[in-house]
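Same protein, same chain, two forms; see structure 1 and structure 2 below, as structure tokens.
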Structure 1
Amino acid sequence: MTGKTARLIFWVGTLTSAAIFLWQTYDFHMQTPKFTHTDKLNEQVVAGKKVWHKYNCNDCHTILGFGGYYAPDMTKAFYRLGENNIASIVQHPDVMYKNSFRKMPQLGVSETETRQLVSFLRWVGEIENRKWPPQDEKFVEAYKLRESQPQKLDKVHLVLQACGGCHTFENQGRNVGGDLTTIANRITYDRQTLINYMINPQSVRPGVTMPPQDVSPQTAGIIADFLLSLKSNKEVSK
């Protein structure tokens, strides 16, 4: 091989690759609106992205698979956790991870910032990225199913969606706030008090760590019925 051939290999190799890459970059920008639904990329979402950067979330959490590997991937977090759970975790990590081996810092994220962050994560969750990460796909499917067929909602499903971020039931959900079966047997509330409790816990039990739940009174009613049914079942079996 002569020096001339070597130089030719260098220039042809580098320039071909750069040309392909630049063309793909152009095409990427052309297709990005379709893959990321840029029509839904509003001010609230952009503000949320700034919050994500401000608290350096990405150095513990991965998103789209990139960043720190210390905490879960946030790409589909909106589907996995739901709005209320994300808000509770971000604002009260010390409570939510009280019993956890892995801690999240109390960052002092404000109420407004939390709402912006949730909007950002909701928008990120909708990016069409070939169903990645694989382990979160079931949450995405479940969310879409619930959204498309509200009339077919199973009660257990509903309760786990609303409460499963903190409470466990039949070994499902996250055990921060206790097992729903145990709670059902302990509480003395009637149906209306339970509904009030869900919507504004402080109004029923001042000082309780449970955050207010963003559920409609109808949904709260279904959950209350479900909880009370757990209680009566136990009493009958005794």
Structure 2
Amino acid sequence: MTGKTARLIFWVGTLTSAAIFLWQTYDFHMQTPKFTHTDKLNEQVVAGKKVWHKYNCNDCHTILGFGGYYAPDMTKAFYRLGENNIASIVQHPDVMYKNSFRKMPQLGVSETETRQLVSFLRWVGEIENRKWPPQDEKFVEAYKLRESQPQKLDKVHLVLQACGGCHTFENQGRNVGGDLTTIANRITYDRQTLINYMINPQSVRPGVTMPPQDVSPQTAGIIADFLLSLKSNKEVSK
């Protein structure tokens, strides 16, 4: 190979690589508004991001691939937990995690800051990031379908999306509030009372730690039927 040929290969390779890099950079910036939904980036979301940094949430939690791995990934937490569960955990971690191996310090986050943080987590959860983290994708899918097209979800999938942030079923979900099968066999409420309990727990059991769930009466009814069916199956097996 002559020196002229080597220089030609070097310049062609360098300029081609640079052109590809510049094009990908340009395309990334052009696609950012679409994938991050910048039209939804309002003052509440920006304030929530400031809350996230104010309380150093990244020290324990990961979000969009950055942060610690001591506590759960929060990228899709809005879909996994829901607004009210997030709010309750942030404001009352000692109560929510009383019977859990997980521990979270009481940070003194105000009600206003909590709602701002939830807005931020909701915006982050809607970012198109190629279904990361993969373990939460089932929660995202079920959240989007459970109210509009619940018939497309099997009952277990729907129940785990709505309840799996705090409850387990067949070794799936998070064991903060107990296993659904165990809970089902302690239930003494009728179907309507169960629905009321999910939507507004304080109206049925004043002082209970469970927060109101972000579900419609229709979805609450499906969950109530599921829990009552578990109880029936257990009683039959006896």
Partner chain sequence: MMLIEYQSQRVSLWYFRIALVLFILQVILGLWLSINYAFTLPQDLVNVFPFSTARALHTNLLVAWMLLGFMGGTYYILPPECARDLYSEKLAYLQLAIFVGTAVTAVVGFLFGWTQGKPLLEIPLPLDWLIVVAALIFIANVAMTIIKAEVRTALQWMLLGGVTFLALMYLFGMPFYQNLNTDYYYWWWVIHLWVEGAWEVVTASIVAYIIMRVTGVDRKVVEKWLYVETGLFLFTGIVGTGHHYYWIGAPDYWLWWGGIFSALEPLPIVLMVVDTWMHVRERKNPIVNPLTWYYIIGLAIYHLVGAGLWGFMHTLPPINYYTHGSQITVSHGHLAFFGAYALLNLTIFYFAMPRLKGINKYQDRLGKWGFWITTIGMFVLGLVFGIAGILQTYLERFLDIGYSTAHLTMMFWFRVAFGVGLVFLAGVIITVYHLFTIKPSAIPAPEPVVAPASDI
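Throughout, rigid core stands for the largest set of C-alpha atoms superposing within 1.5 Å between the two forms. Numbers given to residues start at 1 and step along the sequence of structure 1. Predicted, not measured: the structure shown is a model, and the values here were computed from it.
Asks: Please identify the form predicted in complex with the partner chain: structure 1 or structure 2?
Replies: Looking at both, the form predicted in complex with the partner chain is number 1.
Asks: Comparing between structure 1 and structure 2 on the rigid core: C-alpha of Pro211 shifted by 2 Å or more?
Replies: Yes.
Asks: At a 2 Å cut-off on C-alpha positions, does Asp190 qualify as shifted between structure 1 and structure 2 after fitting the rigid core?
Replies: Yes, the C-alpha position differs by at least 2 Å between structure 1 and structure 2.
Asks: Does Leu180 show a Cα shift reaching 2 Å between structure 1 and structure 2 after rigid-core superposition?
Replies: It does shift by 2 Å or more.
Asks: Core superposed, what is the CA shift for Tyr26 between structure 1 and structure 2, in angstrom?
Replies: For Tyr26, the alpha-carbon shift amounts to 4.0 Å.
Asks: For Ala224, give the CA shift between structure 1 and structure 2 in Å, the superposition being done on the rigid core.
Replies: With the rigid core fitted, the alpha carbon of Ala224 is displaced 8.7 Å between structure 1 and structure 2.
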